[in-house]
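As structure tokens, one chain now follows by itself in the form predicted on its own.
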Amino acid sequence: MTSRLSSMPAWARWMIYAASGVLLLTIVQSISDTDRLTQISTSREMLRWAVPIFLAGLGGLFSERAGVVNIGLEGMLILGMWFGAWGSIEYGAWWGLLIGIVGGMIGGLLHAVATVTFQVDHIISGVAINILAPAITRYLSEEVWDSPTTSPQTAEVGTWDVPFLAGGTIFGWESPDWLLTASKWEIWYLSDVAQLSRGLLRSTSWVSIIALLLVPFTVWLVWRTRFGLRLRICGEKPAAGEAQGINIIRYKYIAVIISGGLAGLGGAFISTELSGLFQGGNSAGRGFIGLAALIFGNWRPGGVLLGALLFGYVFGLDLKDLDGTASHAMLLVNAIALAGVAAWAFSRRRVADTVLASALGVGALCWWLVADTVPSWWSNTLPYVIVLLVLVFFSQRLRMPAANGQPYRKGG
């Protein structure tokens, strides 16, 4: 079965994974006392929460594929939040996004100067940017808006409904809404797929659409072009690339600046689309979560998106889960998933992983059976727990660029 999946095109594998995930949610929802796992609002909030995480993680992909660890994504995202809000207020929504990208690129440039030119430790430089960004934006807020933490209301770029699938309009004509019709049939599993899909395709922000289109674009750019090949050489064997005449320093600069720009776009999305204003602390650590999604996704665009959607799903579910029943149902999801991991590890004769996955799965099942609800902290902790489990059970499949984080000197 695994070999058949590996031989399939990437898009087909991801569709199978998504369909299997929805099937698991449908089964658990049928057993549990909640209907929120596959609601339209859940998938809509999942995408909204996932976009800035994905953009930060994608920025980290560019930087780390070039061999520069970018812990400073959080700071660059914060810079994008402020500059995006300012640009949106002064010049409009789309200009706000562009100015937010520039704000993040400034942070990326600082990180590149420190790490590439002056050989500062990548972690130290990133932490410094994360400390400086909130202080800089606070000062700018006081100077521009007479408030240290809050801006006026920002402009939004707007949303789009996909015609036919989600009832969008074509030249003023309102098309049918096929997914809404399918969701009303109340057919087991099919209606759940329709509801989740409609949440992704109805009232979708243009920034979300751009972010999703960046996945195939990044795959093409990094793995199908000369630029991408040279970028990856910087993160794998920079000395070999230099021997072939590649300007390693230039490509590292380009990669880190792109990284900052993508994180800045994620920050601008928060200010203009999620919250509608710049507010200190509104980043909620999404830059750090983007790094976790990058590791979860094995430094691949599709994997980063999957990790971001997983984080976004849990946070979006918690946002609408006022009575805690949906978070409680997630315990059963965890138990079933861990049972699958245990079976996978057993088939490969990995005894320690089999025992650990089985023990954790039994623990999750017992918690689900004993408790009616779960504490509020559980849903916020769950994404990080999942990342740790991925690192524990699938670390052999994760491979970061070989020269990632290593200092580089021209001619050295």
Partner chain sequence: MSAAIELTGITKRFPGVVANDDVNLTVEQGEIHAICGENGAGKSTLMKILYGMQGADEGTMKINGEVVDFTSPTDAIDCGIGMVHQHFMLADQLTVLENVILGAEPTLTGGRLDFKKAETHLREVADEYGLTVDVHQMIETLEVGERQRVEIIKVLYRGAEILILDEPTAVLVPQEVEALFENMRELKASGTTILFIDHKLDEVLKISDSITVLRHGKTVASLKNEGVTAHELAELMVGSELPTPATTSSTVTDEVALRLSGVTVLNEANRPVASNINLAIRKGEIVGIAGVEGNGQGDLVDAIIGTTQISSGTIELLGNDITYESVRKRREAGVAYVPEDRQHEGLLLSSPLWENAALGHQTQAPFGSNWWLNRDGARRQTEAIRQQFDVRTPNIDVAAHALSGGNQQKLIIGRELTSNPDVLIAAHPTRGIDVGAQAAVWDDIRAARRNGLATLLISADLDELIGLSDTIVVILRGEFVATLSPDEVTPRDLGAYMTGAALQNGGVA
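Residue numbers count along the first chain shown, from 1. This structure is a prediction, so every number in the text was calculated from the model and none was measured.
The discussion below concerns the form predicted together with the partner chain, not included here.
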{"query": "Exercise: Leu213 in contact with the partner chain in the predicted complex, heavy atom 4.5 Å", "finding": "no"}
{"query": "is_contact(Ala135, the partner chain) in the predicted complex, heavy atom dist at most 4.5 Å", "finding": "no"}
{"query": "Non-hydrogen atom contact Val144 with the partner chain in the predicted complex at 4.5 angstroms", "finding": "no"}
{"query": "Interface membership of Leu229, the partner chain in the predicted complex, 4.5 Å heavy atom rule", "finding": "yes"}
{"query": "Proximity to the partner chain in the predicted complex, single hit among Ala239, Ile131, Ile124, Ile170 (heavy atom within 4.5 Å)", "finding": "Ala239"}
{"query": "Selected contact from Gln153, Thr150, Thr181, Gln244, since only one has a non-hydrogen atom within 4.5 angstroms of the partner chain in the predicted complex", "finding": "Gln244"}
{"query": "Which of 219-227, 282-290, 201-209, 115-123 sits within 4.5 Å of the partner chain in the predicted complex, heavy atom basis", "finding": "219-227"}
